[in-house]
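Same chain, two versions here, written out as structure tokens and called structure 1 and structure 2.
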Structure 1
């Protein structure tokens, strides 16, 4: 309503956010939260070994350094930028919601930022002083200590963020008590943390295993020892990851009782929840297999198949991430703002007077027979485009075609009845926010879009219409 609404008519705004966010979470969990302790441990092992077998100790140390090099390069480039990118993309996709969230969570994000700065400093100190640390045992010990600090701060950034996310999703706490503590008391907080921590460790292990298998030469006599150690690391974390996953799995429906009509009513959620158990069993089985095989017979690890556990562990996390989508709908901020960026409290006004008179970014305020289609497009932009496109991903036209079939052109009357009441049946949909004339215009626009498809360009390409508003 109050922003020019950035819109990608093929990919959809949500996909943009999703791509950046998923990339960030995977890098963060595998290469920061999980890698830091794993690498530190490998370095520590190397240090212990070097006391009796200096040559072997050196190989361990060098392998740990190479692993860290890889993590350092990726986290400080793609990792860091996708982190900022989530902000950029989210503010484009739903400026009203990010603008609101940031007013309430300023302190939380600020705290997160301080921890984050420290994490960056530690990762630089840790990696960039590595070669120097090999000059004396004393330096080495101090260096390992930096690794420990890095591990702690990497984990802390994750622990704080999970709390913030928990608070944002908790339907009650946003409206009633504006305290961040509720985020950490959220019933899903601990299960999430108990799940994410070992999965991050497992992810790091699978990546490290593949990395070592490819980077170290076959002739290197210490290679099997290192592979064995990393496999053992995976194996050790597997029971924790498995129980964390089951704990989380068990808690999800219980935590969602507050959103009952939202969650349990949707077929999608049921399908997802049902398939979750399969994913869990498969991934845990793969994890155990790799762990056991590598621990007891590292030579038999099939080098080219080591990508499988990496993908599996990434999928593991990714599948669970989907829950946030289920929990929040139809809101973007629980009970406060709908996914379309419109406040629950504003609905009575918009239902009464329509949306168009209240936005400066549509050329018309009233709908006539001659501007009906243009008005329909404006209403579509305001009410639908945060999640839907015309013909791309999550296309509105295709959704209607799937319901009504394609034998006959879309029926405007039927679509109107549908959109007027959809929130009662499709609980993830917000109610239509405008008045009846706007609904007519929207239905006409959608029918026209089916007949003569036309890409809806966002303001980043076609600019915005501006009109004066009386107040």
Structure 2
């Protein structure tokens, strides 16, 4: 209520954040958290082999360096840009929720920033001093130590952020105690960390396996040994990831489990939930088979087949991120703030007095016949645009048309009845936060949008009208 609400009507604010955040998470898990320890291990393996077989050790070391070059380029460009992009997108899409998280986790985020700076320093040092490290065994041992520290700091950045992500799903006792410790050590912190860590390691292995298969020449006599080693890495982490997924699932609040069919298949395809689960199991089984084949018979491993585990692991984590974001609804911060950015404790006030008198960014405080449509637009902006658009992705108008058909114009009374009870019909929808007069205005605005579709411009385009609020 205290911020002008940015809005993209063609794709929606939620989709904007999702695209940036999922891309960042995929890069962070696969090419930072998981890649750093794997590359360091490959380098260490090459160092050990160089003592008895210098030529083979050199091949292992060069393979590790090329992998690090690939990770270095992606993480310091796309990874860095999307990391900053998450902050910009989240602060625009739902400033109230981000503001609350900063107030609760200021010290945790400050610590994460320090850790991230150290991660950047170590990735620069680790990659840029690689060739010099081959000048002597002492330099090589020190260089491997840089890789170990890079691995630690890469994991720590994730470990800190996971505490905040878990808090958004289930704050636990924080609602009563309001302390950083209770918020950070929420019921989902350790289960989610135990799940994400092996998944990151596994993803790194699939990318490294495909990279080596395509980059190394087929006639290289040590290629099969490297492929076998990376395949074993994947195989080693898969049961740990499965155990972490099982642990995480059983710690998710039971009310959220009911949202899984819609979270996985969307509202339109929620009846396909069982089929989608089957497809995911089959894809994971293919990845497991590739790991076994690469471990025990790397020569028979078709390199084109290795694209499947990479795609599967990325889709798996991407789907998990969508599910994690969706099942916590109707909240953006569990039991504290609804997805529309309105605090749970503020609802009784807004139900009685309405939303419009409490925001400086709506030109009206009272609704009349002359400003009814403009007021409906303002209510839609405040109550709905965190998740919905008028005619774009997740369009409210199209959702009502699917419910009531398109043969006749949308019925305002039917929409009002639905919106009054939508939280009971679909638990993942927050209750309507305004009073009856605002509900009437919203229904009128949506009916008008069906008759005469018009793009809802956000304040970044049309500006804002600021009024004085008197208490």
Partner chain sequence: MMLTVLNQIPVPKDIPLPMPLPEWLLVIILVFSFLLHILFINIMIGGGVLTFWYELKGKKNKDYDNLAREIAATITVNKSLAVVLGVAPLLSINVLYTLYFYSSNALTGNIWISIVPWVAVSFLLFYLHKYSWDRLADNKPVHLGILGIAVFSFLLIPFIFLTNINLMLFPERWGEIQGFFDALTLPNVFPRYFHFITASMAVTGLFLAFWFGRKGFKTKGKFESLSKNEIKKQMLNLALVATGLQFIFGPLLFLTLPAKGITWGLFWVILAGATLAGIVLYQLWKMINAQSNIPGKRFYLVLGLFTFLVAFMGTGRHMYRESALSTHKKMMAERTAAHWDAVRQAHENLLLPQVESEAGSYTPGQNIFQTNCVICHAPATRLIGPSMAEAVPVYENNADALKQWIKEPGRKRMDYPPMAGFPHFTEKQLTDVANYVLQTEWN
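Predicted model, so just to flag it, every value in this text is computed and none were measured. Take the two forms, find the largest set of C-alpha atoms that superpose within 1.5 Å, and that set is the rigid core. Residue numbers count along the first chain shown, from 1.
- Each structure shows the same chain on its own, and structure 2 is the form predicted alone.
- Once you line up the core between structures 1 and 2, the Cα of residue 428 ends up 2 Å or more from where it was.
- After superposing the rigid core, the Cα of residue 352 is displaced by 2 Å or more between structures 1 and 2.
- Core-superposed comparison between structures 1 and 2: the CA of residue 112 stays below a 2 Å shift.
- On the core-superposed pair, the CA position of residue 327 changes by 4.6 Å between structures 1 and 2.
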